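Heads up, what comes next is one protein chain in two forms, each shown on its own as structure tokens, labelled structure 1 and structure 2.
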Structure 1
């Protein structure tokens, strides 16, 4: 090895090192591993997804966070939940305040232009909750009543469209919090509440004998975690961990969380052909 070769080798090592250190900085996975805990943005007031119980964040989103922490550190407790409003889910990722957002976030193409989504960890739908012994017995009664029916729903851009898919003529009142839509139902301001099936099941379970499920569900949608765009390695890691939780070695932990919050057992993965 002559001098010029040595210089070249040195230079290329420097280059490799500098690009490595640069990469180390941009690589979220290394950053999280080095930090020793994962920082997850989620909310505090949307059971069964994420809510505070005895000062701790619990719910299905929180359990997904623990699953990821187990994948990272082999210790489900190495996770720090950062309380964020649902409006802050994307901004907090873009400013790097959190490693990922796990907050009952519906996957849409518009959002996918701003952040990157993991594979879904839940399939949500919409259902109708009514007062037990109210004016309408089931979904057919609601549908027949046409424009007589008022449906309370959490405010969002597609709220009206969503209700009208099931009840084309119903009046739609949009409220700003989950508490308020139930209040509308209880004070007879609304005949039914249209809300996520998961929330609906949770609420039924919490208030026995007070409500009934109208027995109709529509508008399936996917819930995924979201990360800041442009970090493929981090996204791959999360996807792998989530996939193996749903279909592989961590299925038991996933199924346990699923049963706890939704009262249902997910279909067990089968050996053999690797269909999801």
Structure 2
């Protein structure tokens, strides 16, 4: 059945069904296959997730897009990235401007009332970056030092509460930009930087032998792609593709991307009982 026949069939079905029921018959998978490319909303200025390099959108979110394109067309290049701000992630889905959003998007119950989430493809958290050869060797040393430790963090209404969940007695200095928190660390005004674990891993890769991970992470949150609600077949396809990337036939590609952007190789799935 070609695209026009599918549209006619859907229209005929919708004459007899409520609009809510018709939503369930919408078929994004067929639409994407017919178009010949997948359209993904993402950003351009948040490494290692999504940024522009030599005119191309790159990063772990972009590599997830290429994995999905390979699943659809057996061609990772059949993807078009749409640059969008973080506050456009949901509106662009609901208006049909993109097929899905993959943009370091934290899964929350509030957002799940507006969109549907795929299975997570990354587990974010907060980590502590320290100078190599500094006064403290690891997280235990920071914790034992108590109020003698100063932690630099990006300014936020929850910044102090966030740091104190890990280091209850530490002094917290807040800064207006990411560059300023690293300047505080480099100038020894701070003993550690509290930042996203993914950013920490990326920063370690970009500055080998200069910094170390304190070895402790907290405040876990899931990153998933999001789709407009009402199309279970499309969501099932995306979930299947992502699951097999993390645990099955496409694991090598997923692991290669993970290691490229985060400097670590995820544990390989074991043959046998199919547990993740």
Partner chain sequence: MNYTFNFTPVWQNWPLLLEGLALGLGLAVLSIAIGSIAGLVLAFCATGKHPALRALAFGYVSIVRNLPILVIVLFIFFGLPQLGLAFDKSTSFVLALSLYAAAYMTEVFRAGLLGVPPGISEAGQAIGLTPLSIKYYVVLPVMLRNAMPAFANNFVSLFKDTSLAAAIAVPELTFYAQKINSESFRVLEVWSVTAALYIATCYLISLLLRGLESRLRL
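Note that the rigid core is defined as the largest set of C-alphas that superpose within 1.5 Å between two forms. Just so it is clear, the model here is predicted, and its values are computed rather than measured. Residue numbers count along the first chain shown, from 1.
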Q.
These are two forms of one chain. I'd like to know which is the form predicted in complex with the partner chain.
A. 1
Q. Looking at the motion between structures 1 and 2, would you put residue 27 and residue 119 in the same rigid part?
A. yes
Q) Can you give the angle, in degrees, through which the smaller rigid part turns between structures 1 and 2? A) 25
Q | Per-residue Cα shift, residue 145, between structures 1 and 2 [Å; core superposed] | A | 7.9
Q: Could you tell me how many Å the Cα atom of residue 135 shifts between structures 1 and 2 when the rigid core is held superposed?
A: 8.3
